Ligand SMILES: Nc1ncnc2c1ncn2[C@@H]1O[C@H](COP(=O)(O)OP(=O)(O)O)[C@@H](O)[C@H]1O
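In the block that follows, a single chain appears as structure tokens, in the form predicted alone.
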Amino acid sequence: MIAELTTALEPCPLPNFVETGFIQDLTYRALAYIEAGFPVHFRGTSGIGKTTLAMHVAGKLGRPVVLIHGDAEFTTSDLVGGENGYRMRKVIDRFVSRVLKVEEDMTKRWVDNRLTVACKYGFTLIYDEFTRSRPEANNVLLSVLQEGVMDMPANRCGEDNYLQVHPDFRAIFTSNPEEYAGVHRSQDALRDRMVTMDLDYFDEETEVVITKAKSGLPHKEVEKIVKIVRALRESGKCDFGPTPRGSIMIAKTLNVLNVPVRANNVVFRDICQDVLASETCRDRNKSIQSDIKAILDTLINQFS
């Protein structure tokens, strides 16, 4: 049991986490769905804070957290468990002084993996980027989420073939939109068992407060950076809209270098170009990159 429990994280407040009205509303709704008995699925673009929000909501539930990151190589056993090594038993009998009797036997050792641990002890499961795992690996979740029962492998020594899910078990999922590379289309049956909350970009106030908390830059400096990032996103010229992560990268780097947010500062301009041109154009199309850099030059002059 001790080995199993080491896979769980103790819930605690996240460092530098900020709660604007926007975040509070998302958290309130997510907790309401969970309280009503429905798993929650945060779906949205990379970099908008899905995992951080999932950890925040899980912390509000007050139960230990089990974290799983989706992986294309996962099989059901990576979620449920499997036979991992052997357990040896040796008995030495010296009851008769002149006779040495030794008995040895070896049995396969079953180890529960994280989904089983969460279901058994009533922990909160965060399945991050669950669509990166193949649908057949996730099939075990269907009965867990609907009937509250986990179908266990028949070779699980000394245990029942079915595990009754603990009543305190809760589940939070995250995923990117399905058009992203490296993800699988999830089963309709699985998505039907959860409430999907599509996360768009945060409002400006939230982006400013998050960037300030993560970078340590003064509020007015951060406001300028966020305005540049948001205006570039809204320009409609990007392959991928820049996320709050771009604002945080710029702000933290400026803080480390002690560089001001000024249009006439070459280092500031170069950092914006490095972070935002690469984040918004990912196929190395020189024509698009050139257009993005030109737009950035205009926005930097406008807002800083």
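Small disclaimer: the values here were computed from a predicted structure and weren't measured. Numbers follow the displayed sequence, beginning with 1.
We do not show the form predicted in complex with the ligand, though everything after this point is about it.
- Message: If the cut-off is 4.5 angstroms on heavy atoms, which of these, 232, 210, 225, 125, is the one near the ligand in the predicted complex?
- Response: Contact with the ligand in the predicted complex is made by 210 alone.
- Heavy atom within 4.5 Å of the ligand in the predicted complex - the one residue of 70, 242, 64, 49 that qualifies: Checking each option against the ligand in the predicted complex, the one that comes within 4.5 Å is 49.
- Query: Taking the partner as it appears in the predicted complex, which of 256-264, 40-48, 233-241, 269-277 has residues with heavy atoms within 4.5 Å of the ligand?
  - Reply: Answer to the contact question: 40-48.
- Query: With the partner left out of view, is residue 114 within 4.5 angstroms of the ligand in the predicted complex by any non-hydrogen atom?
  - Reply: No.
- Classify residue 201 as contacting or not contacting the ligand in the predicted complex by the rule of any non-hydrogen atom within 4.5 angstroms, answering yes or no. The answer is no: residue 201 has no heavy atom within 4.5 Å of the ligand.
- Is residue 287 close enough to the ligand in the predicted complex to count, meaning some heavy atom within 4.5 Å? Although the ligand is absent here, residue 287 would stay clear of it in the predicted complex, with no heavy atoms inside 4.5 Å.
- Verify the contact flag for residue 296: yes if a non-hydrogen atom of it lies within 4.5 Å of a non-hydrogen atom of the ligand in the predicted complex, no if not. Contact with the ligand, no.
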